[in-house]
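Just the one chain here, the form predicted on its own, laid out as structure tokens.
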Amino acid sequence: MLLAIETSCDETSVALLERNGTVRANLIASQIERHQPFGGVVPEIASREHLQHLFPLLTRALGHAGAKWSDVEGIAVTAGPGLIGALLVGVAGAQGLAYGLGVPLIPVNHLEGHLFSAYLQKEGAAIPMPARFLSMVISGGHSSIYDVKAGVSTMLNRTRDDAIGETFDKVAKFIGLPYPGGPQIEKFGREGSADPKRFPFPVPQFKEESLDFSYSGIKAGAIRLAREHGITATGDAKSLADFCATFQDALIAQLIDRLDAVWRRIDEPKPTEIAIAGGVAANGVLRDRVARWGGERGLIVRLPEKRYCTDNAAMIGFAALQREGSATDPRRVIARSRVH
């Protein structure tokens, strides 16, 4: 059985997986309430929370899985990218456990965890991954599309400025909605009377026909509109609903626009599957539109279980199962805030 640890940002998570990808336990200690007063993640608070929650979670995960320490055959840990203080807590804990248990330690790139997460299931073994698929990772820190061949990922585009989840959070904070902003924007944008065309936004394009995302313009435009029309969380309910629906529509429209452009430029034979991943992949409107986009092109669309969208250790363990040959001496595992 593989033990996995994830502490890259503001959620402490521990998981236990079988070699076929069956998730026996996946526990998460969320820090949302601790960071809400600040409208975003405070690194120092995140690190201290990881220190407090990591080892109690380990004990609970073993109990949840009905396992003993002697059942652990290897340990996977997020080594980067992420908040350096938060990463150090997980890496140091994993190193100590690997030494104590005499088992190999597998460092995992956090983004690879997201890339493969759509193939994890709520129950039972993971879905077999094809030899090639597209994966769109969209979260508070990442907005990129990858071409994944035989488990090796190639980045096809990235955001030039803000990530989509970060944009949700910043605009939500400006109008007075609580952190995290994405679920709040989706909630109010789904109001029955919401008009998604009341405050139109153009889809940003680059002169050099770049495939990259760019969300800073939409963010600035949304804040300007909110200021001009007096849109706040405690203001006119109809205006708030229209604003949230329009803003969300603009963010998703750019995702679909770039996804379509990437798809058209990929050489034949094209992938037969596309997966979406990351915290924003839990957005219901986005899931519907990507599913429709894929269906129109005859693609299998892999939508992750919502429990595997946000940061979690199960996806880290699953990524490690694809990289078992990368197990190393625990002393050689280094936490890195950026991974190139």
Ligand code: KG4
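Note that the structure is predicted; figures quoted are calculated from it, not measured. In case it trips you up, residue 1 is the first one in the sequence shown, and so on.
There is another form of this protein, the form predicted in complex with the named molecule, and it is not shown here; the text below is about that form.
If you check the named molecule in the model of the complex, you find no heavy atom from any of Asp162, Val171 and Asp249 within 4.5 Å.
At a distance threshold of 4.5 angstroms between non-hydrogen atoms, Glu186 is in contact with the named molecule in the model of the complex. Put simply, Cys309 is close to the named molecule in the model of the complex: some heavy atom of it is within 4.5 Å.
Proximity of Ala282 to the named molecule in the model of the complex falls within the 4.5 Å heavy atom cutoff. Within 4.5 Å of any heavy atom of the named molecule in the model of the complex lies no heavy atom of Gln254. With the partner omitted from this view, the residue of Gly140, Gly90, Pro107, Gly113 that lies near the named molecule in the model of the complex is Gly140 [heavy atom within 4.5 Å]. Residues of just one listed stretch (264 to 272, 140 to 148, 238 to 246, 123 to 131) have heavy atoms within 4.5 Å of the named molecule in the model of the complex: 140 to 148.
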